[in-house]
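The chain below stands alone and is given as structure tokens, in the form predicted alone.
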């Protein structure tokens, strides 16, 4: 690390803090998540699958060793690791028409991962795939899902266009009873759940939303029949004579707006809160370079390097070099300049704030540099810390506002006022359009059972939702007392690594596979965390420092439950107190020791 002195900040920190508070206060709403509509009943057509037709089949009434709910990366990496341990009697249930999770649904124009593909796409080394570019587009991500499914024969027993409706533990027979919306009624010795937070689309609760006489759809159900084009980037040829409004300027909108701006007769971008949009600098991956780094164990090394860099651990090299690691390196550099006597939490948080101010000032200045109309440039500036909302990285988004057809309709934090038969109303002005596209995201802060479509019933009829009334209770975020042979694959109460979510999932999958193999080798019928171990883990989590993500001081969004915070359970919505690097090391030692401390095999 360079010892060059870091210049003192050249901005007015108090003025920035005041501006951040003002912009936040404009957007805080008392209804929180209730401002969105649950898509059901007469609005259910917004959920129809436009990509793969549903095929009729007979109900399934058999037994499998392992059933996994969710065909995203969680289910695939767990199924893959089970197969590597010789456990192949695995069934994945998925409500989409193929594997893919959120990447099955997200096929909007320009859809692309914001994390480098070499660390974002799981099992690259195992499947022998080289990504085509640093940040691959959605079709290639979906292809990796399918590649994993084929490589590990996970298609054999998979059930697509299928949603679980009942999940009940049968104590007498030590197995789970599973019923679905397709009439299936089968059993499994073990179940895994990886339903994730990004698969149930939501709509803004706008007056008149059902009155609009034009065409409308949600970005996760992109209507290429209406727009023309395809997920691989063909031009949206049918929009040349169309007036279109898109509601939302989050990560999805940032990616699809450049395509719409070039295609539409007129595009109204309805903005409540600007995204922070940093440089992406995407580029193709050179096959010769890839050969030089793709030596045995390469992806694990890259994963560990990114996690260490992004979480502020001392590392000699940054392999990934992206926006995530850039901010972390800035913070680490500032902290390294502090005298030893100033290495207090307060001083280190101040160094973090200075680094963030500096970064966000650069991001805001980029608006003025790229956008020709300076009034529009000012409206596109994000006034909050970079991790208050999901950071975006894109090289064409800001340029889209230089297109003659693209018009920013800023709502000054209030959002669209209402929908009419003819279009959208903002601040009393009606904008007549032919089509409304809802880039309003997915449900995150709603109850887990609402998003999954079922509640899990464990021993003695206890519902998981009731067991978690006061907050999540697990060991490692995976095992829940009173729910034997059940595994949850996600990040909270484990590494809680948000910047590269699939890293959490691959480590969970490794753990689950080794535990199931151990149970089979020892002829155990049940795997369950003890209450004492669960309590001890929750006690340990209380030592974790406050999260950078999710503060109610931030502008509202899904990171902080629309500005409402996460209530009394927020202390449990955290991760290992020593950070992701230490957690992954701890977990590897825990599972490879063969002791599985805190778990009862009976």
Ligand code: NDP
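Only a predicted model underlies this, so the values are computations on that prediction, with no experimental measurement involved. Residue numbers count along the first chain shown, from 1.
Although not depicted, the form predicted in complex with this ligand is the subject of the following passage.
> Check residue 415 for me: does it contact this ligand in the predicted bound form (non-hydrogen atoms, 4.5 angstroms)?
Although this ligand is absent here, residue 415 would touch it in the predicted bound form, with heavy atoms inside 4.5 Å.
> Answer yes if any heavy atom of residue 558 is within 4.5 Å of a heavy atom of this ligand in the predicted bound form; otherwise answer no.
Output for residue 558 is yes: heavy atoms within 4.5 Å of this ligand.
> Could you tell me if residue 247 has a non-hydrogen atom within 4.5 Å of this ligand in the predicted bound form?
Yes - in the predicted bound form, heavy atoms of residue 247 and this ligand come within 4.5 Å of each other.
> Check whether residue 276 has any heavy atom within 4.5 Å of a heavy atom of this ligand in the predicted bound form, and answer yes or no.
Residue 276: no contact with this ligand in the predicted bound form.
> Thinking of 504, 576 and 584 as one candidate spot, does this ligand come within 4.5 Å of a heavy atom in every one of them in the predicted bound form?
Result no, not one residue of the spot touches this ligand.
> Using a 4.5 Å heavy atom cut-off, which of 172-180, 90-98, 152-160, 433-441 contacts this ligand in the predicted bound form?
Among the candidates, contact is made by 433-441.
> To verify the annotation, which of these, 400, 142, 303, 270, has a non-hydrogen atom within 4.5 Å of this ligand in the predicted bound form?
Selected residue: 270.
> Please tell me which of 389, 81, 481, 476 lies within 4.5 Å of this ligand in the predicted bound form, judged by heavy atoms.
Filtering the options by heavy-atom distance leaves 389.
> Quick one: which residues from 248-263 get a non-hydrogen atom within 4.5 Å of this ligand in the predicted bound form?
If the 4.5 Å heavy-atom criterion is applied to this ligand in the predicted bound form, 248-263 yields 248, 249, 250, 251, 252, 253, 255.
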